[in-house]
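Given as structure tokens, the chain that follows is alone and in the form predicted alone.
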């Protein structure tokens, strides 16, 4: 029997919003226009223990509202939610000790003291005994390559160092579920890699469940499952590979052309980008077997070429465009 960390069934949530009138007299514009924003509509899904799930969607798609409901900050208008067996908004205090939250734009560290002092504060908040605290801190410092960085004042740390220390502060109490909201925004590449490795290592060692919300495509590679929200509804729920294969009939061909080349590459596909002597076109899979296309690749003015699968960023852009056409 499967053990589920999160169970969401038919959840809906809406908000009243207000807009100032933009026309009319000064006093007329002081009156606010009321409207209703449906943030979530009949959302249902389940997350197994130890899963890493990427929750994706454009701004206003309902991601933040859903995470707030899962963590007990908001309650839905209808539907049911169970997180680790608890109803989040009713059992918020009990659930809080079992959750970790890493917010890319907000830190849990105290600005004017060392990261170590912030860790000590978290130790007291979550009643972590000295032995466990020392063991966990030693492990996290090693995995994230923090060295003696955590002994320095937080305000003196680089953004990457702050994010890694913030991650430690969020998981010191060994949470069962961790919400990662834009965890690598503005972070340097080595720190991004360290954070991803730490997530994967924690899942392997402790079976931690991770829910990741991000706009950074590289972060999605750590998730094996993707839930895509659009206008408050789930429009895709499946593996990352399934999402990438949705536009699998397309290929990207990158050509490096000789200066002044007269090769008519546009007849075979859509131009995606052009930079100097390098062009990238999108072609149908069947085009790769077209004899005229193959002869074009062998033209002497084509200095080099490369065929690749469309990246996840491209796939998501196509997916959103498809959703817009359906509206």
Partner chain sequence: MTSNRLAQSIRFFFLAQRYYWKDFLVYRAQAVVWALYSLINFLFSYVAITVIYNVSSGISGWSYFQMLFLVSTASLVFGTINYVLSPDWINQLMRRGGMDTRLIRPYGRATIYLSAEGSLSSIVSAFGAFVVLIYSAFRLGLGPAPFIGYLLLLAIGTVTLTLMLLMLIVAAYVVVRGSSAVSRMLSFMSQASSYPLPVYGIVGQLIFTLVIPIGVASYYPSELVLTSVGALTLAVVLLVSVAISTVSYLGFNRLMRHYTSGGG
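None of the values given here were measured: they were computed from a predicted structure. Numbering follows the first chain given and starts at 1.
Below: the form predicted together with its partner chain, not depicted.
Interface residue among 254, 117, 237, 244, judged by heavy atoms within 4.5 Å of its partner chain in the predicted complex: 117. Here is the short version: of 75, 192, 82, 174, the single residue with a heavy atom within 4.5 Å of its partner chain in the predicted complex is 75. Proximity of residue 64 to its partner chain in the predicted complex falls within the 4.5 Å heavy atom cutoff. Contact annotation: residue 204 falls outside 4.5 Å of its partner chain in the predicted complex, judged by heavy atom distances. Although the partner is absent here, residue 92 lies within 4.5 Å of its partner chain in the predicted complex, judged by heavy atoms. Proximity of residue 200 to its partner chain in the predicted complex: non-hydrogen atoms within 4.5 Å are absent; the residue sits far from the partner. Figure note: of the listed segments 148-156, 209-217, 192-200, 135-143, the one touching its partner chain in the predicted complex, with heavy atoms no more than 4.5 Å away, is 148-156. Residues of 116-154 that come within 4.5 Å of its partner chain in the predicted complex, judged by any heavy atom, are 117, 120, 121, 122, 124, 125, 126, 127, 153 in sequence order.
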